[in-house]
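In structure tokens, the next block holds one chain alone, the form predicted alone.
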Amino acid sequence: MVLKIHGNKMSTCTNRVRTVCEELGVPYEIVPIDFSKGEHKAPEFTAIQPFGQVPYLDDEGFKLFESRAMARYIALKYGGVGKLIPDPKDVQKTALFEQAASIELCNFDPYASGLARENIFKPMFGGKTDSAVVEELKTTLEGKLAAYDIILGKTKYLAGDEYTLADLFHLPYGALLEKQGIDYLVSGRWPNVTRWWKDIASRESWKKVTSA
């Protein structure tokens, strides 16, 4: 039985989970959720995911939501220890991994996802972009990436010299920045960030997810 990911291929968080599966060669099936029909708000969906957000995972009856939790679960169960997450017995490596994962969650995602919301998702659903909010988000993200550049000047990846989920977590919203004409990750303005981004965005797992 393969993993079932109840989500949508247009969803950033769904693609985060798909990328983990591709990294580890874990078979999975997308159970499509149609946003236009409001299927993510339907009672049978919110009975499992009360926030009405995609995706959620069904692994032979075990159900889990929140994409980062799903990523950790898949890595722990399906051979990702030592590949995408450190061995939990290595306390220091695990602490550095969790530090890096927290950096993405607190210092990247709110601003990158906020920009996507203003520039892509609002217009897609008939809303209007708030240019003042966009400029504020861009300014804040610039400061965050300056700090990233310092970290990535010391190590190849965010948690050290090995690729982990903490790097992978950036891919969905990071990729949307360039689609908005925001070249922060590729311009070389922060050279260590650009080197890192080109590395993680060129991984076969991400290419497969974005080409499907």
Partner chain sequence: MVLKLYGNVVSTCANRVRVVCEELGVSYELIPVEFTKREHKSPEYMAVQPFGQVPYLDDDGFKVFESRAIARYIALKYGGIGRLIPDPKDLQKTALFEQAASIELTNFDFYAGTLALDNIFKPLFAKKMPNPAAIEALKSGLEGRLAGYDVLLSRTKYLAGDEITIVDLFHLPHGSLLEKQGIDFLVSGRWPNVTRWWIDISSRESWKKIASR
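Small disclaimer: the values here were computed from a predicted structure and weren't measured. Numbering follows the first chain given and starts at 1.
Not on display, but discussed next: the form predicted together with the partner chain.
In summary, the region of this chain contacting the partner chain in the model of the complex, judged by heavy atoms within 4.5 Å and restricted to 140-148, 179-187, 24-32, 159-167, corresponds to 140-148. The partner chain in the model of the complex comes within 4.5 Å of a heavy atom belonging to Ile103.
The closest heavy atom approach of Pro50 to the partner chain in the model of the complex falls within 4.5 Å.
Proximity of Glu66 to the partner chain in the model of the complex falls within the 4.5 Å heavy atom cutoff. Though the partner is left out of this view, Thr129 does not reach within 4.5 Å of the partner chain in the model of the complex, counting heavy atoms only. At a distance of at most 4.5 angstroms from the partner chain in the model of the complex, none of the three residues Lys9, Lys83 and Ala116 contributes a non-hydrogen atom. Shown here without the partner chain, the chain has Pro88, Val91, Gln92, Thr94, Ala95, Leu96, Glu98, Gln99, Ser102, Ile103 in 84-104 lying with a heavy atom within 4.5 Å of that partner in the model of the complex.
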